[in-house]
Structure formats: C-alpha cells, structure tokens
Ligand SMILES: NC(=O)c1ccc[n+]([C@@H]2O[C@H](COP(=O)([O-])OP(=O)(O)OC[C@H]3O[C@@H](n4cnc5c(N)ncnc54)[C@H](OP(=O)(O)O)[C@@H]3O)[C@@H](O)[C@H]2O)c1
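Let's start with one chain on its own, the form predicted on its own, as structure tokens.
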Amino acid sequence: MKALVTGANGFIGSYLAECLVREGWDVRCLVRRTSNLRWIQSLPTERVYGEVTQPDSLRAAVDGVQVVFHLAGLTKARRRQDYFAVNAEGTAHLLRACAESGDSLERFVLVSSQAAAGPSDGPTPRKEEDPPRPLTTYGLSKLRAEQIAREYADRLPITIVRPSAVYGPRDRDLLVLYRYAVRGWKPLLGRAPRLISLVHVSDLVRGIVRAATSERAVGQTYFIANPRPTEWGEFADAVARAVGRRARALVLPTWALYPAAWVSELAAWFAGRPATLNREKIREIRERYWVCSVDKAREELGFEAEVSIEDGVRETILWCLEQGWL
C-alpha cells in the first residue's frame, strides 16, 4: 500500500511515517525545501518537495498513492489569513489534486484537531456529533478544512480524525510546563480543577492508521484520545515524579495572563514570528473542560489507548532530558 504523508517532518507526521514504514507501507513524504528533516532523515521513504499552498506541486505528490494522510498545517501564525490559507485552502488544493489524479485513491484521512470542535460544556466528554464551537482562528480554520473535506465526500473516501492534546517526545508545545514541573512547580490557572483529554503520540498514530484502513470509517469523524481525562495538575505532578520531585502549586489568576500575552505578542511582532502565548490561546486556557469521548473510535475502529499518562510522561521527560531540552 502506497501512502502520502503531508507534514511528515513534524511531530505527529514523523511518528506516523515511522509507524507506516514499520508496518510495511510504501511511504511518500511531502515536505518543503526549507523543512527540517531531522526526524525522518534516516527513514526509507520517498520525498516529494512541495507545499499545500502551491497546487501545481501537489500533482506529483498524489500520483499513484492509495492513501493520503493530510497532517500539514499551521498551529501558530502571525496573521489570521495565514491559518486559512494553509489549513483550509491548502486542504482544498490537496483534495482537488486527489480528485483529479484518477481512481487509485482508497482513502483521504484529514488529521484535524479537537480545537475544531471546541471545549465541552462541562465534565461530560464532547462527542463527534455535537455542534462545534471553536474558540480560536486556528480552530475555525481546522473546522473549515473539515467542511471542505466533506464537500468532496461524493468523489473521495474521506475520514476525519480529531486528536485531543498530543504529547510525547519531539513535541515542544508543552516544554514550558515541563520546565516548571521538573523544577518542582505546577502552574495552575486558578484553583478550580481543569480537565483535559490527552493522547500519547504513539497511540494517536495507531488510531490514525486504524481510521485509514477501516471500511467503516469512510465518511466518518473520530476523536482520538486517552479515554480517561486528566486534571491539569495531575499531569504536572506526573512530570515532576518523572525526575523524582514533588510539584508545588503555583496558582496564577486569569487576569495575569493578559499582560503576559500582550508582551509575548509585542516581542513576536518585533521578531517577525508567531507569538507562543497570545490572547486567542488564553481563550483556550481559560476553559475548564477540554474533554472528548473516544467511544466511537473504540466501537468502530477497535481503538484502545495503550500508553498510560504516567508511562507516557516518564518517557517524554527522559527523552527531553537526553536531548538537553530541559
């Protein structure tokens, strides 16, 4: 089976490419000429250079493949239109290339995000059929990508996967939390519990592959996550335990995040890069419940998370220490 993986050099994409190679797939990676190929450099894969924002570069990428795993996208951007140009219109360009490439395609898997669905109203996990309410431009752009994919459902076999928050080796998004926790602190936004669905990257890629190979998944959308939501403080405690420490609570009031976001955005503007912390990110952080149900993935795909939070965090922290990231 020949597969195309877009965003193959990224955190999730590199793990997916590794998983596919290990399972005997013939893997083609779509990467930009400026991409850092560190994580896939040694993999026996074919590389095609192109970008989802450049439609002409996608014809060769999709030619002759049976499965497309579309992971390429922006999680941070300086301008609102950049999210939509890459995450939404880029998806449209890739779908159009697939539709024009012939009849070889057996599945198009769009890896979206829980951000497209938005947070749950309370501790009850959000389900796939619940009306989406994304809070950020990123979430809106991923939801638009889903809508575009569904518009092709009469021409292409589409499956949509919505990962929860993803963690594991190679990921930098949670480094700030890790750095606090290994020093014995757990930053908390207020004292009210905050629940979040998490998934280890190795569990996620197994779920993505199951979604791609299940006939039942055609036309369906699935959340992929660990079935047990995690309290944010518990996650920080697990990080601290991984280095033999005990984390003390560092309670931050919500209002304190806004000045920090302004400073981060101003510094990023001068540096010409996206801000790590911005006002939209605060909208997400303020929500107490980012929990989703994996019942559908379990029942229809046979998906089960195999990596416990404790084991996954320990592996991640030890890897980060080995890399000198902490």
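Just so it is clear, the model here is predicted, and its values are computed rather than measured. From 1 onward, residues are counted along the sequence shown.
Although it is not shown, the form predicted together with the ligand is what the next lines describe.
- Think of it this way: in the model of the complex, the ligand has a heavy atom of just one of 120, 113, 226, 221 within 4.5 Å, and the residue is 113.
- Put simply, of 20, 317, 305, 12 only one has a heavy atom within 4.5 Å of the ligand in the model of the complex, and it is 12.
- Candidate site formed by 8, 74 and 166: every one of these residues places a non-hydrogen atom within 4.5 angstroms of the ligand in the model of the complex.
- Remark: residue 138 counts among the residues lining the ligand in the model of the complex, judged by a heavy atom distance of 4.5 Å or less.
- The shortest heavy atom separation between residue 86 and the ligand in the model of the complex is within 4.5 Å.
- Residue contact with the ligand in the model of the complex: residue 32 places a heavy atom within 4.5 Å of it.
- A residue is said to contact a partner when one of its heavy atoms sits within 4.5 Å of a partner heavy atom; residue 53 meets this definition for the ligand in the model of the complex.
- Segments offered: 282-290, 64-72, 296-304, 254-262. Contacting the ligand in the model of the complex at heavy atom distances within 4.5 Å is 64-72.
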